[in-house]
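Here you get one chain, nothing else, as structure tokens; it is the form predicted alone.
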């Protein structure tokens, strides 16, 4: 069994509203080829490929089959995670710790432009009681946003500040799809998608892919002089039925974070984490997830951003990349957060670099209102 697991290479495509020039498996090949080049590995050096995708979003059944083909999985091993990319990285981490594999390629890819996302999301709900109501992830998020804002006095202006920060940060990210200087007033004037969520409060439709290579400790320093170590991981499911949850809380995220912190030996996350990349598809989620991650007390997420704590010059820069609000596909989201955290710890984040970053948090989720949450702590 391996004692430690390192990430030795990461790659992302530029995220774009649509990539009609590339099929989804071509996006996967693009990033896989780049991480192999970074490490000098070839196809025969890989013990297994872990892919992350979802058939309905890919518009075909068993959608990992063409991806596995271009990743060289013939006569080898491949496993698909139909969840968020952070869960795929977690799975690879476990595979190496178990002693089954030494070198794992993880790839997440998605072309959201191919399908009607709201129609696909509707299929995730209970077919008897909820699906016929027309629920999708957007309408579920709107219910959560309303409950959260009512319960804790969170304001639309506080949520809009998240967008202002994110899109400004994205100007320094060459992979970002959407980047600009924008005002709180601009966001509050944008069209309503599902009250209180406005168009600029939501991540845009996006196409792209992300890849990384994880290896056991004794292989890491042969492949790079800047290995990034996985210090802790935690995940947790919440109830399937939205009515069985208090939507103003995020208990599954708090539980996932607690497990990751315990593994990494972190007791004061706001003080001990230097940079965080979290998945927030809607602006209110950055505030709510900040509470679940223990960066502030419940109900204090709005004040956290007002005080500038999560800005680039703040105590804990949050989403220096611009996060999902700057554009990143579902399922790729969590893996790209890990990739961004790796770049920060390697000192390779360019204009979005947080000086002296030694410990980073990356986060992904999937399901309505953050049903399944995953937290990863990374360090030099």
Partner chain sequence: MAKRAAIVGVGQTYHKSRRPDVTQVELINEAVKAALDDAQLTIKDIECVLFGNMEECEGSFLTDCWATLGTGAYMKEGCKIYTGGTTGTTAAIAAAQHVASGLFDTVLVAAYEKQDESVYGMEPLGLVPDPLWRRRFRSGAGAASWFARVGTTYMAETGATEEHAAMVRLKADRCACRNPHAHLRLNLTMEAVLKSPFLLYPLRLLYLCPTTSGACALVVASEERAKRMAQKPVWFKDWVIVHYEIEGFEGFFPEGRITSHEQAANILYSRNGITNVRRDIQMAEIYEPATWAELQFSEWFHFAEKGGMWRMVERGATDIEGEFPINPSGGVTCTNPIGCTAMIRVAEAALQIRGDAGEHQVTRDVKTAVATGFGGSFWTEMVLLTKSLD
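Numbering follows the first chain given and starts at 1. It should be emphasised that the depicted structure is a prediction, and the values quoted were computed from it without experimental measurement.
Beyond the structure shown, there is the form predicted together with its partner chain, which is absent from this document and is the topic of what follows.
Of the listed positions (166, 310, 173, 235), a single one reaches within 4.5 angstroms of its partner chain by any non-hydrogen atom in the predicted bound form, namely 235.
Checked against its partner chain in the predicted bound form, the candidates 205, 182, 266, 82 yield a single residue with a heavy atom inside 4.5 Å, and that residue is 82. When its partner chain is considered in the predicted bound form, residue 61 lines it closely, a heavy atom lying within 4.5 Å. Shown alone here, residue 137 lies within 4.5 Å of its partner chain in the predicted bound form, counting heavy atoms only. In the predicted bound form, residue 372 approaches its partner chain with a heavy atom inside 4.5 Å.
Its partner chain is not drawn, but in the predicted bound form it has a heavy atom within 4.5 Å of residue 95. The stretch in contact with its partner chain in the predicted bound form, judged by heavy atoms within 4.5 Å, is 46-54, chosen from 315-323, 336-344, 46-54, 351-359. Within 4.5 angstroms of its partner chain in the predicted bound form, the stretch 93-128 places a non-hydrogen atom from each of 93, 94, 95, 96, 97, 98, 99, 100, 101, 120, 121, 123, 124, 126, 127, 128, taken in sequence order.
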